[in-house]
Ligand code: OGA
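A lone chain, given as structure tokens: the form predicted alone.
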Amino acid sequence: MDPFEVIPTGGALGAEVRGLDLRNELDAVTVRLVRGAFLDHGVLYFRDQRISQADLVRFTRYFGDPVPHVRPQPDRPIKEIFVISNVTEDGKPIGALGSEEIPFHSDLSYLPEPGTISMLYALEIPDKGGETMWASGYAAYEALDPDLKQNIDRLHAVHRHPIDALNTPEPTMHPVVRTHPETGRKVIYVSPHLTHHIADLARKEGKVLLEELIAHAIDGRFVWKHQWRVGDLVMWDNRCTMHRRTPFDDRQRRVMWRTQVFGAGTG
């Protein structure tokens, strides 16, 4: 008998895991089962958790080595924790990313080695807004016309962050279609937030194709929205999903802890 339940969302991706208290260490069998569910669903969420920063880092480490985020943050005791918040204390922000919408993207795709696994734990949430939506790159790819699949299979796209200082000196390119290194499934790997242009085509032709692919990839058929509650921990696979945050009233507090894994089977 499995030590926990996995309840799919009913959407194109995502599942809830029930029956685990993430303050406790997990045995190897449980970790293997969680990882299997993660690869099956792309996004997992665990409700009603009461974890510390050390607990979050320990849980993240089951799936790869958590590393400090590439963006600067105020000094903090556990460097692997990246605070996402709109809160200001003593005139200074306690975290990053404010309260505005963040369009669909795959974490850190503007880097040569993008993020693979991300985790987010909710400490404070607004009364309305600030939801996170995930889109399945698997489902989007599988729904493409076969001729279009063939046409895009060997194309590459340039990814850039809107804040130029965060980009690498040389353009970062990734395949338009990635093959997930653990599942072997193909996925559309472009986003409205971080994909700049298709490198292998003339700009006008590439722009039309990129807009077509993005509109398809974020179609509601492939998207699931998570309504946050305090104590939620969500983990997602950036190799086969992208996500978007809806805006919220900046007078409302939103505080999250985030961890990031690189290199957990990149491809």
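Since this is a predicted model, take the numbers as computed values, not measurements. Each residue number is its position in the shown sequence, starting from 1.
Omitted from view is the form predicted together with this ligand, to which the following refers.
- Taken together, the three residues H41, I117 and A135 all stay farther than 4.5 Å from this ligand in the predicted complex, as judged by their closest heavy atom.
- Among heavy atoms of L97, some come within 4.5 Å of this ligand in the predicted complex.
- Residue contact with this ligand in the predicted complex: K186 places no heavy atom within 4.5 Å of it.
- Contact check for F59: no non-hydrogen atom falls within 4.5 Å of this ligand in the predicted complex.
- Although the partner is absent from this view, D107 contacts this ligand in the predicted complex, with a non-hydrogen atom inside 4.5 angstroms.
- The stretch in contact with this ligand in the predicted complex, judged by heavy atoms within 4.5 Å, is 99-107, chosen from 158-166, 140-148, 99-107, 178-186.
- This chain lacks the partner; the member of I81, I152, I125, I84 within 4.5 angstroms of this ligand in the predicted complex by a non-hydrogen atom is I84.
- Within 4.5 angstroms of this ligand in the predicted complex, the stretch 240-260 places a non-hydrogen atom from each of H243, R245, R254, R258, taken in sequence order.
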